[in-house]
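Okay, so we've got the same protein chain twice, two forms, each given alone as structure tokens, structure 1 and structure 2.
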Structure 1
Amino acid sequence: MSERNLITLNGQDVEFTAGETVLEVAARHGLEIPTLCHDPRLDPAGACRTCLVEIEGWRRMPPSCATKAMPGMVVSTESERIARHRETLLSLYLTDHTQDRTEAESYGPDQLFEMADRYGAEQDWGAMETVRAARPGDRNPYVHFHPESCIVCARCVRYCEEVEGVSAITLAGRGSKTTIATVDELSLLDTTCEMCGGCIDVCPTGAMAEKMPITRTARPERELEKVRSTCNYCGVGCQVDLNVDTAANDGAGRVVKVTSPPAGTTTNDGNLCVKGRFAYDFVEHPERIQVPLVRGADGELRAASWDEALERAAAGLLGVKERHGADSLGFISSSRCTMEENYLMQKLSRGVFGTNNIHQCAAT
């Protein structure tokens, strides 16, 4: 097609690439359209209707997440009609959602409350009787389902099927009873679930939540400091946000949660696995070695000062070198440590002790 791929977005001509949706074009141009059910990793569902826009010549307002941009489209993302629609819709969603904001936010960030604030939706239309079933007997250690916060956007279910590909959870029931279920109400442990926690990551309301921070009464996520780092498990190099309660441990800080950076910004595209998202307890484990140890005359390891331990270590290795030569020493570095630490280890081996006997556990 020779025609340029242009649409008019709130009065401005903007380009799009074939296949892009109106929502994607808008996001690329810094225009935020609210949505509760969409995630860039998922196929568009068009279910929540918060992302409706007006298109010239279209009688109905289509969901921008599921509407492909076409040349010549004239799109408005803000209008009196859209605003009225959004307010009503968000107020209706709130009737199917816990009214207790403090409680809701103790499970995770709640985009519905935030959106209601932003778009001035009434928050006092009363509440539907909650009949959505929970899964109280689920003994899985990580994922908690809080039905009072669920608005059945099904992001979690779709993520489980489309991204993780295991379909461990499903929508069950009809109407206001629709809930997020497993087969036979099994614990997630006994399903195909691989505990990636993607359902928690995509949930807009905290209905899918992490068990550990809840049971440890961590502060709400917005009060935690996020430190961007790289996961320390496999070689994918997922970027993680370590959520730190900076006041804990007398100011030394405590990692209380690990979240993924937004989709589309890092190699892991917003995804994490069971280890990356949940396996951070080891950081504060009581069995961590607290002080240097040296082997005493009785053959047992005992606590020592850094000074003593370093002197012993240096003298010990230099002694072996003196007795048997530099190549009688072996330096075993680690692919679990940083590049900088590996660099220093080989510099120590080659530059200080004079041997090329330096290697680590890398085998691929």
Structure 2
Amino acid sequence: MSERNLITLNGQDVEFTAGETVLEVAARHGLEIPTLCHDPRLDPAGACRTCLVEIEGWRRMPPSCATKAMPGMVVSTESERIARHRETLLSLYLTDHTQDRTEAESYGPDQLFEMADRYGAEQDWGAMETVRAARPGDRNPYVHFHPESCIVCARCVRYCEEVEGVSAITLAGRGSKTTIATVDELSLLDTTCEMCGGCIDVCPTGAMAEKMPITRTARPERELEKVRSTCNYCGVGCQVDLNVDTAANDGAGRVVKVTSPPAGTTTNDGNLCVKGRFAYDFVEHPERIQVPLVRGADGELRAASWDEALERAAAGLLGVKERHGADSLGFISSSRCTMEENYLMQKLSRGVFGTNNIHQCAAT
């Protein structure tokens, strides 16, 4: 019988799997360790230093995100020393950060302020004027960089390289001038950027933000209602969270942005493409058909109920089958449908109308 892998975590013996980090083991056992630079999709960087823990026999506190669990380790995730470190570290971060929380969170959720509140960090140490370069002339329509909120955790840069594999952005400069840059300060439109918005998704402070809600003066994301849905641009079935301003349109609500569910919770692992994240304007488009239409005796389309529209469509299809046979019908489904919807389409073709003339435009 193989020996069990055990570490002592806050006084309790817990099992771990070879290769797991202390952070992963703690999370699996319900212990929260704060992080700013960590994302489960990325290689650990240990850059933000918020996840430091104490390990018996170790002189320095190591980052739990980058420290592999080893048999016999005695780990503490809470102590006076750790609390003092977190408070000081977060207070220092705030001195190089936008001080106005309302302004900061107009760009996106700011985990730094949330963590400062949670761990009692001093928020009145003053602030330095940021010297990070921005890209105010970037004509790309989607991604906005707000350098005053950047903490240089490099999550956006690492995501662009490790997940998307395009390396459109990078860290440039040194010291307090370190910033998120592009080659020769080009617009993202002139780089390898695929406009997936992943940099926005992983940013912990809203320094990388979506332009459209900003220009439309939408409410902060924390005040929006999130509605889980399936992206309808292809057949992959990526899960999205529609962010709805429930006060807009005289209380009818309006979708003002799309965000991805947390990594590891859905099949798309928190990733979206440019269409899934940004192409949601059609929801409010004035030419969008919102009710079924049927053609009257005069040849003009008029609004109808769903029952009337479905009866009209069924009568037309059955009429063709009666006059010309089942194989005179052909059904084609869309790659924008979900797998379940495509299944129902072939069931309708084969089971109801009796023809195998069924195709799907993605040819999969």
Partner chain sequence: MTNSIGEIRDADFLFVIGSNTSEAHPIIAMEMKRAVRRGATMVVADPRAIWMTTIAEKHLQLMPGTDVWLLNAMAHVIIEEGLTDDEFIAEQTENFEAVRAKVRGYTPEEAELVTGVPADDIRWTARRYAATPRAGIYYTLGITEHSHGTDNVYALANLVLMTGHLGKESAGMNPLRGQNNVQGANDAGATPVFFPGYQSWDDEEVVAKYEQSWGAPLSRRPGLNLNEMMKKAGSVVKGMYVMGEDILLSEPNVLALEERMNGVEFLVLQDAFINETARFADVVFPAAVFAEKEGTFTNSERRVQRVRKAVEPPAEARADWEIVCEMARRCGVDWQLNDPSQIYDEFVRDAPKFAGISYQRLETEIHDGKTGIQWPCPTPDHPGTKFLHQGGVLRGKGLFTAVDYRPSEETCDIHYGLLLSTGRTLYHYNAATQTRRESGLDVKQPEAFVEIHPRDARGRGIADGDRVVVTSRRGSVTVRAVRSRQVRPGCVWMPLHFAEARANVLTNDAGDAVTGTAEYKVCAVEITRAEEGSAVEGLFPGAYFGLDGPGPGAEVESEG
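Here, residue number means position along structure 1's sequence, counting from 1. We call the rigid core whatever largest set of C-alpha positions still superposes within 1.5 Å between the two forms. Just so we're clear, the structure is a prediction, and the values are computed from it rather than from any experiment.
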| item | value |
| --- | --- |
| Which of the two shown structures is the form predicted on its own | 2 |
| Rigid-body membership between structure 1 and structure 2: Asp307 with Asn271 | no |
| Relative rotation of the two rigid parts between structure 1 and structure 2, taken as the smaller one's turn in degrees | 19 |
| Core-aligned CA shift between structure 1 and structure 2 for Arg295 (Å) | 6.1 |
| Core-referenced Cα shift (Å), Glu311, between structure 1 and structure 2 | 9.4 |
